[in-house]
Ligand code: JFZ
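In structure tokens, one chain follows: the form predicted on its own.
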């Protein structure tokens, strides 16, 4: 046997070993589980991965009530007020007769997002109440039946795209308006009704992707009920259909269920969908918690405020808090998506406008640390968070807590060396760098009052040289 033949045979045996090991981890046979191991690496998904900062918009009939009815405040997210026992269902269902956002200006919305530094936006086309913000021919409960009469989604998509912002469409599967919706399927009549509902959903999603062809992805909600989870085969086939209809389409882990009704992760623990959507109003503690999946965090200004609320419930996050959440997400290979809830007239509350401006002012200076950066793999320090460019030649330290000593402690990977450190605002002036034991570097910053989080840019070069004491550090 020749050396070439032996090498090929060895490679074949090794590949069989790897494949067997992969399948050995799947203890449950599934037809509708995860269809991919690892991350999507196509151009569109890599674009998604580099967004950094996104915007969410919740707007609909619930914006009219603003979380209040008959002089009382609903103690929950405003878009859920229809489920409140103090609000008659017929009162809510008639709100479409009042829906008239006369001050809605899609160009102003998009300009605010652009100034803020947003790279993608998710817009509610239809929430749990079933009311459609586009003129769907498959529903009698749409914006054309309101005093406003006009499509909102088309102008929004056009305005945001004009600003270079990608658009994703939110769509709730759960539909309180539909007579065919069921939260569970217990009878033959339930099965017949839900079969009609599935056709309706497919038709509406086809309509959205056809009418708004620049859509980059679909953001699903309301998929937690047993009726949907019992239809794993349908949800799988529908996802494949949508991706064939719209190549490159991005769909997160909320959408479908597997054979046994598991969502997000299938019964073998594998991610279903193109990225994990389990981080709602929370952020992973560390990189290990992300399981090396793509993910994003959707966050509210208040504790649980999505649609407009006249009286905001809970703590209102400051701009510095939001910037810190943004940088933590990006430092862990995720995106950060901040939600806005416009008022019923189509304008934003002043607090949201001001926060967007302040975030934008910060991003204008420091966006290199956010866009198209990734997890460094460096030892976490208390001063803040670190990111690194895709090429690995620039790294960024986003500083929130300055040590009393004024020295920023950094520990890179063994094959990386820092040959320059400077404020991102002035890369011509170098900051002092001191090497200490076990591979640590100390970067000195002027001891002064810093009013906002700031960024230090590092020039990184590859190095095989171990720092003094670094080898011994393994045994400490």
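Owing to the predicted nature of the structure, the values given are computational and were not obtained by experimental measurement. Positions refer to the first chain, counted from 1.
One more form of this protein exists, namely the form predicted in complex with this ligand; it is left out here, but the text below deals with it.
S.K.: Even though this ligand is not shown here, does residue 254 get within 4.5 Å of it in the model of the complex, heavy atoms only?
M.R.: Flag for residue 254 set to yes.
S.K.: Does residue 49 reach this ligand in the model of the complex if we count a contact as any heavy atom within 4.5 Å?
M.R.: No, residue 49 is distant from the partner.
S.K.: Do residue 280 and this ligand share at least one heavy atom pair within 4.5 Å in the model of the complex?
M.R.: Taking the distances in the model of the complex, the answer for residue 280 is yes, it comes within 4.5 Å of this ligand.
S.K.: Answer with yes or no whether residue 270 is in contact with this ligand in the model of the complex, where contact means some heavy atom within 4.5 Å.
M.R.: The answer is no: residue 270 has no heavy atom within 4.5 Å of this ligand.
S.K.: Tell me, please, which stretch of 325-333, 76-84, 308-316, 132-140 lies within 4.5 angstroms of this ligand in the model of the complex when heavy atoms are compared?
M.R.: After filtering at 4.5 Å, what remains is 76-84.
S.K.: Please pick, from 400, 378, 99, 170, the one residue with any non-hydrogen atom lying within 4.5 angstroms of this ligand in the model of the complex.
M.R.: Here the answer is residue option 170.
S.K.: Of 352, 221, 321, 151, which one comes within 4.5 Å of this ligand in the model of the complex, counting heavy atoms only?
M.R.: Exactly one residue meets the criterion: 221.
S.K.: Out of 120-146, which residues reach within 4.5 Å of this ligand in the model of the complex, heavy atoms considered?
M.R.: 127, 128, in sequence order.
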